[in-house]
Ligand SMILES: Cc1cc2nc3c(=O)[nH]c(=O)nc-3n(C[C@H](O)[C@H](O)[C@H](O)COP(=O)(O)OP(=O)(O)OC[C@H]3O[C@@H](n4cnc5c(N)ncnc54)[C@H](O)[C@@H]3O)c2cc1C
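A single chain comes next, written as structure tokens; it is the form predicted alone.
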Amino acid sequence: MEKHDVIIVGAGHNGLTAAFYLARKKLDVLVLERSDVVGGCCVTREIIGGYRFNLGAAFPTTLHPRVVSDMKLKEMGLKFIRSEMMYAVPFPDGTGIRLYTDVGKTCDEIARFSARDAAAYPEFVQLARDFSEIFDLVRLFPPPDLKDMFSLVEDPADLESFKDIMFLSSKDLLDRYFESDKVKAALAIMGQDGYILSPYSPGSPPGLLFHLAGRWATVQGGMGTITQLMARAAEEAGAAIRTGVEVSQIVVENGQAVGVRLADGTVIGARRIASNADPRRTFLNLVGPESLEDKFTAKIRNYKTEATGFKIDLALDEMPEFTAFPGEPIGMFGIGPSLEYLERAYDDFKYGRPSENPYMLGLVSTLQDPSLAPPGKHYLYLWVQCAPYDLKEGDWDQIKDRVADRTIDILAGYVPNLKRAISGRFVQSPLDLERRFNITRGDWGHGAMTFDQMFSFRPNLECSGYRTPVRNLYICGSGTHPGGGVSGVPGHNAAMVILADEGLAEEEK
């Protein structure tokens, strides 16, 4: 029987990152990927002739500098494209707000709506940066518990702010700083990206603050460039990667993982297994409840894994023209004109309906990277919320085109030339995302990013440190600390734990 030191299930960005760190310590590492290409949700493919779409993730804002440096991704050709403008938010009355990486320039924008809000904005940005710095202190290590997180905050005033971030709603927090409904909406919309919370939900501010303090960029050649280079780095370190190979079972004997069984029945052995699949798929599908204690299985079944939206990729014959920004090319934008609008969209989701008036994030990717479309053409990426996996009526295969039509109608109210510009589209419902990427219920984050599922609670106390109740089985995907996004950090951290168990622990840098 074929045997290796470590088998990694799934060649998403975290699986590839883990493979690199393990292989460079001379472990015999095999990565098995169901798809015909590496990348998981971080992949770029040609769907419509000449157009290369980011089928999952679109932004590398969380990709950790340590991972980029260690894997030498920049030396291999990774190029970040940074924009002065973070994103723009148009409003139905024809006005709009642009938010820039430059705080002063954003203050000038906000001042058109409220001088008081412009004065408050720098303090709010500093709050976001302070919170992100605290989070950065624990990202590259096994997760702390909440007591340890609070201990990192030394100043009593900062501790009060940290408490507010964790337990207030985004609306509550924004109300403390700003008076303009438009300013609050412009900030709140980014914070709802990928989260199953509304701006009125307690615990919703972290998403808002993480995005505001993030490293805003896109990647030359599309997001798939990241994972293609990661695969190259892992292979150069000595890992083997096989695509088009589906793992159907993690083989467990006497409470210990000993290998994997492929869909064709082949068994490959390994001393250690690391799963880049989400926790529910790992334990309920690949391991199976029969190899787990009932109490642990119940916790995994109760782990919140839920789609938040759907994707539309549009091939355009011309640049979108926003009424709110005449004559100005807009790269990234958000549609969600008020906090109440965002809340109503969430209400539909909550009751099993695709939002009648969804909020959306869009990126005209070709504004920064023309290589993603034919000459003179454009590619528009749309992430649309809120869209539940479970529908009260009908099914996604029946309604997804109607929901996409409604979304395009709404966007066309802000972009008058949109409909005539569309030459093709590719729509992915939550069900499609589950099928394509093998992610439970279409949840790209491998589990809700809420405080009850963060830090030492992700996915639960028994396996939050990357080890699991099954001996020699580890989890290394986004369902572990620090969570979703294209960061590579879960893969890095899981690899460090495996190396420690191998007696090959790396020194902290």
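The model shown is predicted, which means the values in this text are computed figures rather than measured ones. From 1 onward, residues are counted along the sequence shown.
The next section is about a form of this same protein that is not shown, the form predicted together with the named molecule.
Peer 1: Three residues, Leu187, Leu208 and Gly336; all within 4.5 Å of the named molecule in the predicted complex via heavy atoms?
Peer 2: Checked in the predicted complex: no contact with the named molecule for any of the three.
Peer 1: Could you check which residue among Asn438, Ser291, Thr225, Ser169 gets a heavy atom within 4.5 Å of the named molecule in the predicted complex?
Peer 2: None of the other options qualify; the answer is Asn438.
Peer 1: Pick from Ala237, Leu286, Leu173, Met86: which residue has any heavy atom within 4.5 angstroms of the named molecule in the predicted complex?
Peer 2: Checking each option against the named molecule in the predicted complex, the one that comes within 4.5 Å is Leu286.
Peer 1: Is it the case that Leu32, even though its partner is missing from this view, gets within 4.5 Å of the named molecule in the predicted complex, heavy atoms only?
Peer 2: Yes, Leu32 lies within 4.5 Å of the named molecule in the predicted complex.
Peer 1: Would you check, heavy atoms only and a 4.5 Å threshold, whether Asp181 touches the named molecule in the predicted complex?
Peer 2: Because no heavy atom of Asp181 falls inside 4.5 Å of the named molecule in the predicted complex, the answer is no.
Peer 1: Does the named molecule get within 4.5 angstroms of any non-hydrogen atom of Tyr389 in the predicted complex?
Peer 2: Contact with the named molecule, no.
Peer 1: Can any non-hydrogen atom of Pro459 be found within 4.5 angstroms of the named molecule in the predicted complex?
Peer 2: Pro459: no, not in contact with the named molecule in the predicted complex.
Peer 1: Among 92 to 100, 67 to 75, 116 to 124, 270 to 278, mark the stretch whose residues have heavy atoms within 4.5 Å of the named molecule in the predicted complex.
Peer 2: Looking at the other structure, the answer is 270 to 278.
Peer 1: Determine the residues of 71 to 89 with a heavy atom within 4.5 Å of the named molecule in the predicted complex and present them in sequence order; the list may be empty.
Peer 2: Read in sequence order, no residue approaches the named molecule (within 4.5 Å, in the predicted complex).
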